[in-house]
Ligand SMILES: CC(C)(COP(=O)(O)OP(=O)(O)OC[C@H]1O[C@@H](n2cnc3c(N)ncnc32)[C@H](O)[C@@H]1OP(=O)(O)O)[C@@H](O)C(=O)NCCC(=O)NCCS
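Quick setup: one chain, the form predicted alone, written in structure tokens, and binding and motion questions come after.
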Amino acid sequence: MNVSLLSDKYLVRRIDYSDIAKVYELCCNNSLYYQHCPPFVSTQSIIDDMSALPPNKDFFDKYYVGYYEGDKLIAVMDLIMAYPDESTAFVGFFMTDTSVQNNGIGSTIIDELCAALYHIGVSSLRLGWVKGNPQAEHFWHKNRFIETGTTYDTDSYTVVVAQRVL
């Protein structure tokens, strides 16, 4: 998949090791997220996320991407194609820079992502948010994601699985 096709409004490209400091800076400013989803971000956790895969997936299906407005990194997304099934894509992580929050940019990115995925034959987009995180729940509901009824527990929190039909 050509990740530049994920947005008409922003430059989208794969994150590589030279971008880790920018990703770290973006994530550090989102302390509310880490209150609900510990531990707090570190450069090592970013490196780990860049290579993390769900069961039975390989790097061919993983897109750890940044959204740029000019030279400024405004969002980071971890997208897994064909997971948990062939017709579904999965967002493992999505975060916008605090400087662009609450003005529709995150929703625009998600709408463009859904349109691009639909165009290539994906029928639904799935993700999870931490139960009890009102900011995340509100954002994903606003973007037409509906709980699937599935949750799973980690050592620190419960994840609510949600999906949007494209």
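Note that the structure is a prediction, hence the values are computed from the model and not measured. Note that residue numbering begins at 1 and tracks the sequence as displayed.
There is also a form predicted in complex with the named molecule; it is not shown, and the following applies to it.
Enquirer: Would you check, heavy atoms only and a 4.5 Å threshold, whether residue 14 touches the named molecule in the predicted complex?
Expert: So residue 14 does not count as contacting the named molecule.
Enquirer: Even though the partner isn't displayed, in the predicted complex is residue 33 close enough to the named molecule, meaning a heavy atom within 4.5 Å?
Expert: Heavy-atom contact with the named molecule at 4.5 Å: present for residue 33.
Enquirer: Do residue 134 and the named molecule come within 4.5 Å of each other in the predicted complex, heavy atoms counted?
Expert: Taking the distances in the predicted complex, the answer for residue 134 is yes, it comes within 4.5 Å of the named molecule.
Enquirer: Using a 4.5 Å heavy atom cut-off, state whether residue 106 contacts the named molecule in the predicted complex.
Expert: Close contact exists here: in the predicted complex, residue 106 approaches the named molecule to within 4.5 Å, heavy atoms only.
Enquirer: So, a 4.5 angstroms cut-off on heavy atom distances: do all three of 59, 62 and 66 pass it with respect to the named molecule in the predicted complex?
Expert: No, none of the three is in contact.
Enquirer: Any residue of 68-95 with a heavy atom within 4.5 Å of the named molecule in the predicted complex counts; write them all down in order.
Expert: Counting only heavy atoms within 4.5 Å of the named molecule in the predicted complex, the contacting residues of 68-95 are 94, 95.
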